[in-house]
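Okay, so here's just one chain, in structure tokens, the form predicted alone.
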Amino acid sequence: MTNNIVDFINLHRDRYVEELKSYLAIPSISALPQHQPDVRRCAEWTAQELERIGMQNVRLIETPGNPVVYADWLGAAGAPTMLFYGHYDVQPVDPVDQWTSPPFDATVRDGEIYARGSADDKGQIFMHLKAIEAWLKQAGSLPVNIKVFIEGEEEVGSKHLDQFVREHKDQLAADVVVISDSPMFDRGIPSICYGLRGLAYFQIDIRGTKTDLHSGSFGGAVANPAFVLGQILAQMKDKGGRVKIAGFYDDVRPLREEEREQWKRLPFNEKRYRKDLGAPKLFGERGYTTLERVWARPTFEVNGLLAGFTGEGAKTVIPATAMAKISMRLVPDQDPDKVATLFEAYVKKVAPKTVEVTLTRMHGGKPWMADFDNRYVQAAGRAIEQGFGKSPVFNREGGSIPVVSTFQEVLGVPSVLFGIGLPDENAHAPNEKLDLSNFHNGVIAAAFLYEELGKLR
């Protein structure tokens, strides 16, 4: 790659940050209906930026939900085609009072930019847009064919995405998918992720009576839905952290000893990890290390609870209803539909007849794992090394990106996870942030990635 492309990127560092602030200012919260106009405005902003930097065939493609942003540049004759995937929607910002600065007023502090969407996923999308811009402005062309595909429903489960990919299979055809929506292994340790957990998500609703009741007048006569919910949830795991749902582990792919040995050599400090989390003590499935639990073992977690009176002071009431949000992270070769069915059967088994129980399947996604010695992953590793000045480590990630499995099944192509976030980026939490040195090194690494992929003819 010619030096003038790297020089162009370095010269425009400050401009990139100001442009990114404009992108982050759009409150594209897909989970909240009142932000629907903002979600569309963000899609339009993304399309306008793609057009401005020189991409071709830029358009919004309507779906039953939020629009997909598409663009391409296919002028690299004989070179492979890379499909870049990202999402322009963001998570809600509650609790707002825990943000140090307003969540949509991007603020730079100590070399990091704070805003909702900075790491997940607008900052990582923007990294690629700036790398594309540098090539097109300085070289007049790209060394690889690129299709850009950015959706607006990832944070609500991408419920229309599988259908979209199937219906636009020919338009999205490529040799490799590149996704930047994941963290590096640690600060100063760039990485390439070759595995993701899947997901099965539920809502449990419990009803005991038609209205809330006075706990003095009716206490002892009816079951308390809040208490029953607690009892049901308590039966989901044993004291060693193992999930008790019958058949839950039947399809779990065992960890290879070679992989376990590689992970032991990674620079992971468990004491610092615990301290950074603010946890008195770490807890997880007995018999596995922390990295193994997070990357390669399935989980059962309670994501939210709602029941009864939660205001200040006292109100002696037996709530009529109780609700919990549940997520199960899955690993190869678990199937989310099968696990969901097992969960439903187990709840019906342990729930008492004194309440009505309703289980609602929310969203889910399949786990994914690639061979980290395939040529596209290795090309990404070379690009990371040129952008960050050190070779990456190879790791899995505990989170889920359901579309990765869809790309593999429908398009028949491998994916490369090319993330530059950090484990402490607070994605989905207050004070989400992106390290700006990682962002700038990531722009350079992305520019090198296009060149490395272009060589794989």
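Everything numeric in this text was worked out from a predicted model, so none of it was measured. Heads up: residue numbers just count along the shown sequence, starting at 1.
The form predicted together with a small molecule is left out here; the points below concern that form.
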Candidate spot P183, H363 and H428, all three touching the small molecule in the model of the complex (heavy atom, 4.5 Å):
yes
Just give me the single entry in P332, P80, G157, G230 that has a non-hydrogen atom within 4.5 angstroms of the small molecule in the model of the complex.
G157
The stretch from 394-402, 46-54, 33-41, 59-67 that lies within 4.5 Å of the small molecule in the model of the complex, judged by heavy atoms, is 394-402
Heavy atoms within 4.5 Å of the small molecule in the model of the complex: does K130 have any?
no
How about K122 - does it come within 4.5 Å of the small molecule in the model of the complex, if we only consider non-hydrogen atoms?
no
At the 4.5 Å heavy atom threshold, is L161 in contact with the small molecule in the model of the complex?
no
If you check in the model of the complex, is L199 within 4.5 Å of the small molecule, heavy atoms only?
yes
